[in-house]
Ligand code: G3P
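Single chain ahead, by itself, as structure tokens, in the form predicted alone.
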């Protein structure tokens, strides 16, 4: 099924987004339809018109970058059944304890109820290279240039395990042509020191986004904090509730040259304050004025931008 689905998705050419300057970011791929961070989810996101496709990244024991939302494996794979004795004392299974060959033995699966049924079809945990080559390949076969939106997961945790996640990451970006200010990429991370290291020590020129929560007391949400972010990043990625709590956040970020890409719109979990998913998407794009939005159902976000 994997290769049939990817082939079909590659043949679909989505219509262009009509709202100038605004983008759709496929959250973990088209994760509302297929298990997150699988090649199938990335291919479907491309097919339905996402401008950027997200990859969360963790390191394996042998130093390979794999696409996982967490540094652990048990929420989105069958690792507990296949390797029951490999959990740590906290009861979790960590990617850092498994080689890539071992992770490739696992079945990736849906973590949320009422989405893709667990145990149906055959999904793998992809490497970052596989994700890039798939997206670049579909770009070539369709002529539509979707970008990538990788997140380095917990670099300080990796460092505590004796792992350097930044060096192989930068090497791959340079190998595949993503080290330029105008490259079709945003590099995201919650850790300020990592973004500063990438920019000022490692010389990465790719656009960067600083991820943040919605705590109104956070200094990063102040004018002074935003000005500091602008020294090492091109944008912010706040929890969408931060924008709802302070609608002026977008204008204040724009005043400092920062784009705003909140997370995450989920059409199957729309807050009660909105009539439906399209109402929420319209509010963020056109009332709050965000530049981009992470969406589990990227086709819905594309539709919101096409709507008159």
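Keep in mind that this is a model prediction, so the values were computed, not measured. Residue numbers count along the first chain shown, from 1.
Omitted here: the form predicted together with ligand G3P. The next part is about that form.
If the cut-off is 4.5 angstroms on heavy atoms, which of these, 179, 166, 151, 130, is the one near ligand G3P in the predicted complex?
The residue in contact is 151.
Counting any non-hydrogen atom inside 4.5 Å, which residue from 190, 220, 232, 116 sits next to ligand G3P in the predicted complex?
Of 190, 220, 232, 116, the residue with a heavy atom within 4.5 Å of ligand G3P in the predicted complex is 190.
Hey, of 53 to 61, 39 to 47, 245 to 253, 276 to 284, which bit sits against ligand G3P in the predicted complex at 4.5 Å between non-hydrogen atoms?
Going by heavy atoms within 4.5 Å, the stretch is 53 to 61.
Using the partner position in the predicted complex, report whether residue 297 sits within 4.5 Å of ligand G3P, counting heavy atoms only.
Flag for residue 297 set to no.
Can you tell me if residue 33 lies within 4.5 angstroms of ligand G3P in the predicted complex, counting non-hydrogen atoms only?
Residue 33 lies outside the contact set for ligand G3P.
Using the partner position in the predicted complex, report whether residue 28 sits within 4.5 Å of ligand G3P, counting heavy atoms only.
Because a heavy atom of residue 28 falls inside 4.5 Å of ligand G3P in the predicted complex, the answer is yes.
Are any of the heavy atoms in residue 211 no more than 4.5 Å from a heavy atom of ligand G3P in the predicted complex?
Residue-level check for residue 211: yes, a contact with ligand G3P.
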